[in-house]
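Okay, so here's just one chain, in structure tokens, the form predicted alone.
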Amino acid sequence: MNKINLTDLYKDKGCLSEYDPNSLTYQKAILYLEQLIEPIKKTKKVSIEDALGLILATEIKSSINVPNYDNSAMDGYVFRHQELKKNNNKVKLMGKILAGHPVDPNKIGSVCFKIMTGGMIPKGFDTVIPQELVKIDKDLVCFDFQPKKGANIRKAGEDISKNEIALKKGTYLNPLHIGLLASLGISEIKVFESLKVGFFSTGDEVVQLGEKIKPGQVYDSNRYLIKSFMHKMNLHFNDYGNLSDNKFKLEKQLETASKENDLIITTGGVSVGEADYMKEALSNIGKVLFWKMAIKPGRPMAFGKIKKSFYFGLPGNPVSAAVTFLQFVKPSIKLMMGNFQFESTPILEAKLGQKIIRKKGRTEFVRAYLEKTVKGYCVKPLNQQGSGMLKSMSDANCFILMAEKEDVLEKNTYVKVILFDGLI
């Protein structure tokens, strides 16, 4: 696909023959987001203790070897291989080596040391035998074989060598990256600044927690759902609460949010109901690029820009809001924060435990439960698939991914599965 920009697409929606804002496919939406999302370029230095969920702004080269000395991979005994025989070895034990406590290796002849995991290998010694493979006879270590030279030793630089690139610029930092940085002795790093995200829900029918609910009303679950997703991403955000279905108030709030945030997220108001004003309000003060997705659940999702802020309008149904956030908003947030690619969700395959029949035409995320059986992993769709049924989402642990052209998935065939673990 040729490089596009948001302004050209907004002014000339015919610049891409396959572009249809009323029914954008899952794959094409991702391609457009990859090209249209602009990362924040401001950087700051932070302690690695505060870096979780941020994006690395520079590559990290190791200034040391990790480990920085040859050490034992297990509890055992360390020998000079050249002193060992093919059988009937009886080697004099000269002492013990603990991690962090090296010993004087100047002992000649066939001698050995007891060594603990992580203990430093003495100069001239080159082989470790696990303690369970030897017998001790007074001050002699006895065994009836010749081990392989270099066995059970972690060499200096085996994990990371000096001057090797340990982490690339654009890495989304997780706990393992933080541990790696600490292993290099690095306490402070340069990262891209966090996004400023503004969020509000919409709808006259929405009631806040603690209030008494009446017929025709719903509690504002979307605010807590989306806020929890953002909390888990270590994002700071402005919560503007819930707005009624009023065009003037919506436009005013969107304008205010665009001045205070890099990204605006709303839920509700983007379908085709008479009181769904969000699309109209967005068009009056900004640019709306697409607003209907060929996916299920989550069809009414809008994407655009208001002044300097990108905008995602998620559906009002909570399951649809969750699906669109996880599939489109979360990877886009990482792109805006400096991640080097649109991070699609990992997909694995599992045997289907129940036949699925549906109308083809849209990419569908079927709520399902994956479990281990005696014959391997099996995935079954949940009975309740309505876009307003949040309990079925909480009961599931994965999605079954159905492509646009698939209308039947037969029992015992292997299907594509997206696990919640790591995604949510």
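Heads up: residue numbers just count along the shown sequence, starting at 1. Just so we're clear, the structure is a prediction, and the values are computed from it rather than from any experiment.
From this point on, the text means the form predicted together with ligand AMP, which you will not see here.
Enquirer: Decide whether Gly313 counts as a contact residue for ligand AMP in the predicted complex under a heavy atom distance cut-off of 4.5 Å.
Expert: Residue-level check for Gly313: no, no contact with ligand AMP.
Enquirer: Does Val206 reach ligand AMP in the predicted complex if we count a contact as any heavy atom within 4.5 Å?
Expert: Because a heavy atom of Val206 falls inside 4.5 Å of ligand AMP in the predicted complex, the answer is yes.
Enquirer: Using 4.5 Å between non-hydrogen atoms, is Ser221 touching ligand AMP in the predicted complex?
Expert: Judged by the heavy-atom cut-off of 4.5 Å, Ser221 is in contact with ligand AMP in the predicted complex.
Enquirer: Might Gly269 be said to contact ligand AMP in the predicted complex, defining contact as any heavy atom within 4.5 Å?
Expert: Because a heavy atom of Gly269 falls inside 4.5 Å of ligand AMP in the predicted complex, the answer is yes.
Enquirer: Using a 4.5 Å heavy atom cut-off, which of 161-169, 329-337, 139-147, 221-229 contacts ligand AMP in the predicted complex?
Expert: Contact criterion met by 221-229 only.
Enquirer: Looking at Asn89, Asn71, Asn261, Asn317, which is the one with a non-hydrogen atom within 4.5 Å of ligand AMP in the predicted complex?
Expert: Spelling it out, the residue with a heavy atom inside the cut-off is Asn317.
Enquirer: Under the 4.5 Å heavy atom criterion, name the residues of 171-203 that approach ligand AMP in the predicted complex, in sequence order.
Expert: Those in contact are Ser201, Thr202.
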